[in-house]
Ligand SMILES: Nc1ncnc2c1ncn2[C@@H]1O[C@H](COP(=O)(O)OP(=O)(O)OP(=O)(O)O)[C@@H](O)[C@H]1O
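One chain comes next, on its own, written out as structure tokens in the form predicted alone.
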Amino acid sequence: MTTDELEQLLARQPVALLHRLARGRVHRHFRAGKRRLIELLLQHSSQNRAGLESDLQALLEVRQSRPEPGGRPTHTPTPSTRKQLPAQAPIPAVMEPAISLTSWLEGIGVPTPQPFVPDPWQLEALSAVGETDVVISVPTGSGKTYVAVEAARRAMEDNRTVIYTSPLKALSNTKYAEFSRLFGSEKVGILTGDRQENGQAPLLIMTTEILRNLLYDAASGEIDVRLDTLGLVILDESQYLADPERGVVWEETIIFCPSQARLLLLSASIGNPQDIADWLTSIRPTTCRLVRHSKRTVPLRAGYLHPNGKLTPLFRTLGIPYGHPSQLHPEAKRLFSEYEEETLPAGRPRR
């Protein structure tokens, strides 16, 4: 289903159904009108379109199975049959047959080698970062690192210093090894609490806290890094701006970053990228550019591996539905029950 088709289908639904669909997805959805609610649902579905479509289909099937208001059921039970029915019999949802393990595994593996061709959003980001600050918000595995590498290469070719930050020492060490292979060990240095190597290199890898401290020192007149030649600062995992404890480090790093340097913020899970871009525009000398891409290059599939080695899809659908336990795969349900029987203490009731 294309985005336009999904939008048209949502537009045909009553607002009450849209609010049910928005539960757990859209914050304070009850305040949004129908048009705004559809926009928010489409934005949220960029990370899990299959889940939204699956939940919408389940709600539509339940709605269609109920009689219209004021209408009469197609069959009026006799007194004898009425006694046999439970007081609140749930209306079963019509479900398509569950996928097989073969179809779930189809396509998984090493892809056939092909020439690399940058995506349009990657070219857009590289073009923008040469002129202004950029926030990139794309799904995991879409190619953010390619943009960072090419932007760093262009800055170094222009004799500008590049700083790449990450929130973790382990990730900084990984990027140090990766960039050393790409650019050569003589062009890459690392500054963390544990390692200080090649600190005069044109490309420096460090944690965000280290860069914030360097900017503090520069503000007090103690310059430990060549900030006068700084041309590009890459802040990986920039969703840490929202972290209750460490978010202030990212805020201060952005605020104290030299005005001549370009900022490149990378994230796969930031919830409000436009707000971040607007904030950078308000405090920085140039307008920040937001580059968004919603199509997931590497789709997610959920499976369940039982301790006995049995593998099965976790859900009935190939995609991951959102918030509907009834969508569990029948084989996964059976394996769950089997595991509970084997592990629960004797006499303890099963869930």
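Don't overthink the numbering: it's just position in the shown sequence, from 1. Under this definition, the rigid core comprises the largest set of C-alpha atoms superposing within 1.5 Å between the forms. This is a predicted model, so every value here is computed, not measured.
Missing here is the form predicted in complex with this ligand; even so, the following discussion is about that form.
Review point. This ligand isn't shown here, but in the model of the complex which of E252, E124, E209, E237 has a heavy atom within 4.5 Å of it?
Key: So the residue touching this ligand in the model of the complex, by this definition, is E237.
Practice item. Could you work out which of P167, P273, G143, G231 is the residue within 4.5 angstroms of this ligand in the model of the complex, going by heavy atoms? Key: Among P167, P273, G143, G231, a heavy atom within 4.5 Å of this ligand in the model of the complex occurs only for G143.
Exercise for review: Indicate whether E197 is a 4.5 Å heavy atom neighbour of this ligand in the model of the complex.
Suggested key: Close contact is absent here: in the model of the complex, E197 is far from this ligand, nothing within 4.5 Å, heavy atoms only.
Check your understanding: Does the 4.5 Å heavy atom contact test between D119 and this ligand in the model of the complex come out positive?
Key -> So D119 counts as contacting this ligand.
Review point. Which one of these stretches, 179-187, 200-208, 134-142, 102-110, sits within 4.5 Å of this ligand in the model of the complex when only heavy atoms are counted?
Key: Selected stretch: 134-142.
Review point. Would you say P115 moves its Cα by 2 Å or more between this form and the one not shown, aligning on the core?
Key: No; P115 is a residue whose C-alpha shifts by less than 2 Å between this form and the one not shown when the cores are overlaid.
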